[in-house]
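Okay, so here's just one chain, in structure tokens, the form predicted alone.
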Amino acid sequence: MISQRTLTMITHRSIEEGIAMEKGKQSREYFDACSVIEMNDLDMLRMGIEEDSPVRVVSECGEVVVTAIIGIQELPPGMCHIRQGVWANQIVPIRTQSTGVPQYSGFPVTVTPAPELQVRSARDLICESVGMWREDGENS
């Protein structure tokens, strides 16, 4: 069993994200739709990742904990997908390759099972990204 593996990440809009965004980015629907990584079932098996369990995803510019699910769309081995949104934005490289648009797809990430970690809320991730404190007084 391989405990971590480098995969090729793609991020893009999805119907699930669009529907959930209408409820608001702090809604349970948005959290459930966007805080997931879709993976190939064989990759999950090889890495000992169970469906609906947390994984750490690390790119060259950041990391995020998301919930692993078997791809709703067909994903070949070695490829994974996070729907565009707060969680994907934590790992999207800032380089634009002169297009003015960040590289949302085709960048390497390392995925590691992380059953001891929790998926953080959109609010916590945003607060941490901009250096804000949470309302409960804890530094996010």
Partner chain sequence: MVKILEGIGCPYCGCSCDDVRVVVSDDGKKILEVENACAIGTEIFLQATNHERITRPRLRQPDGSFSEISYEEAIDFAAKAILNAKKPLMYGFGSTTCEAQRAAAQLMEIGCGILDNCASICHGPSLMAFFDNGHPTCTLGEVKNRADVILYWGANPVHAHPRHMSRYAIYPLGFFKGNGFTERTVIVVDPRKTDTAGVADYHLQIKQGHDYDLLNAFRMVLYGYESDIPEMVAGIPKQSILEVSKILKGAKFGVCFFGMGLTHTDGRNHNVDIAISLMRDLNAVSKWSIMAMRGHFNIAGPNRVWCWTYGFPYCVDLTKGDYAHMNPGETSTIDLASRDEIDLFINIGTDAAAHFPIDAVKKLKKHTWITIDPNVSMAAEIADLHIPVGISGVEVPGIVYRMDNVPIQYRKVIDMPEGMLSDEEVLTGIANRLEELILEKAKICSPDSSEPISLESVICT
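If you're wondering where the values come from, they're calculated on a predicted model, not measured in any experiment. Residue numbers count along the first chain shown, from 1.
Although it is not shown, the form predicted in complex with the partner chain is what the next lines describe.
Visitor: Ok, I70, L42, A114, C61: which has a heavy atom sitting within 4.5 Å of the partner chain in the model of the complex?
Guide: When the partner chain is considered in the model of the complex, the option within 4.5 Å is C61.
Visitor: Contact between M21 and the partner chain in the model of the complex at 4.5 Å, heavy atoms?
Guide: Yes, M21 is a contact residue.
Visitor: Is S53 near the partner chain? Define near as a heavy atom within 4.5 Å, in the model of the complex.
Guide: Because no heavy atom of S53 falls inside 4.5 Å of the partner chain in the model of the complex, the answer is no.
Visitor: Taking the partner chain as it sits in the model of the complex, is E74 in contact with it (heavy atom to heavy atom, 4.5 Å or less)?
Guide: Because a heavy atom of E74 falls inside 4.5 Å of the partner chain in the model of the complex, the answer is yes.
Visitor: With a cut-off of 4.5 Å between heavy atoms, is S35 one of the residues that contacts the partner chain in the model of the complex?
Guide: Heavy-atom contact with the partner chain at 4.5 Å: absent for S35.
Visitor: Within 67-89, which residues have a heavy atom closer than or equal to 4.5 Å from the partner chain in the model of the complex?
Guide: Residues within 4.5 Å: Q73, E74, L75, P76, M79, H81, Q84, G85, V86, N89.
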